[in-house]
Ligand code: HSE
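One chain comes next, on its own, written out as structure tokens in the form predicted on its own.
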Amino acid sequence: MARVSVMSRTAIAPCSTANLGPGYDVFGLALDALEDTVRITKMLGSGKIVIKNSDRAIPATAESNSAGIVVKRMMSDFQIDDSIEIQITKGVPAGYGIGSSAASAAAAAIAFNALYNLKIDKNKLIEYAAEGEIASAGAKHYDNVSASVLGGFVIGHKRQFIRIEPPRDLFLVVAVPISIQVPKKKTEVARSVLPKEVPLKSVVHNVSGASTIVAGFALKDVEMIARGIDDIIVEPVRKHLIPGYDSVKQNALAAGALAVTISGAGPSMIAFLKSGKKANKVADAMAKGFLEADVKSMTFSCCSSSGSHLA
């Protein structure tokens, strides 16, 4: 295998939101607000992986760190036995449903691929990045990592990933309830409340909504996207995990949001707007909704990100 002369490479990956209501485990949308930076360096020695992290709450061992899991798997598959240092600079807060583990995993896959000139295609890079989700969710998931790698709106189907460029007038407001203490492996906890069986009419409703969302992205129609964001399967059983859920949603809609839903597995909430004119008003309304439940939040407005890239 040809090795490159550089000793380190750095990649940056954005945060993301998943599901968009009825697109459970299928839809991902990259957001241009927050990002993780991962620098991977070859060191003297053999087979050792060292994690350096800017966030003490993030695991420092390769076996339990999303970036470390990705690098360990890639080293095994390509029979690379160098010692590696992974420097992670966290910009995406962990555990809040905005793709924190996915951002670190995506950046790690991009940086490692570049460091060793592996020339891995984007679909396979997403496969590697999905390994990192085991750290937070207990299993591989593709919605957040596919969005972080590819950018834009991504549909995952049978490990093939379809990217659609979002409408230019799509704006989003995210409210992150920072005073909520999220459990370890929060995504796994959020999955544990899901029903094992659902009525056929509920499936039909969600398929209809998901199809409308895809059509809205394809036709660059923000209002059509918003009409499809109506989940009656997952969101109703997860909303009790989010103090202030009802107030946040009602306040955002009253302030001018076209649709509001849980971001990924939560507890963050995300609002969809046709322009940025009402973004500040919607952000304030969502923050007040959380305050009604004695929850402090961080809000930000954003558009879609173009995805991961080398620094």
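Numbers for residues come from their place in the sequence shown, where the first is 1. Quick caveat, the model's predicted, so the values are computed rather than measured.
One more form of this protein exists, namely the form predicted together with L-homoserine (HSE); it is left out here, but the text below deals with it.
With the partner removed from view, the residue among Arg227, Arg191, Arg163, Lys72 that has a non-hydrogen atom within 4.5 Å of L-homoserine (HSE) in the predicted complex turns out to be Arg191. When you look in the predicted complex, the only residue of Ala285, Leu34, Ala265, Leu273 with a non-hydrogen atom within 4.5 Å of L-homoserine (HSE) is Ala265. Here the chain stands alone, but in the predicted complex its contact with L-homoserine (HSE), taken as any heavy atom within 4.5 Å, falls in 23-31 among 23-31, 239-247, 62-70, 276-284. Shown here without its partner, the chain carries Thr10, Ile40 and Ser104, none of which come within 4.5 Å of L-homoserine (HSE) in the predicted complex through any heavy atom.
Although the partner is absent here, Thr187 sits close enough that one of its heavy atoms falls within 4.5 Å of L-homoserine (HSE) in the predicted complex. L-homoserine (HSE) in the predicted complex comes within 4.5 Å of a heavy atom belonging to Asn144. Although the partner is absent here, Ala18 is a contact residue: one of its heavy atoms lies within 4.5 angstroms of L-homoserine (HSE) in the predicted complex.
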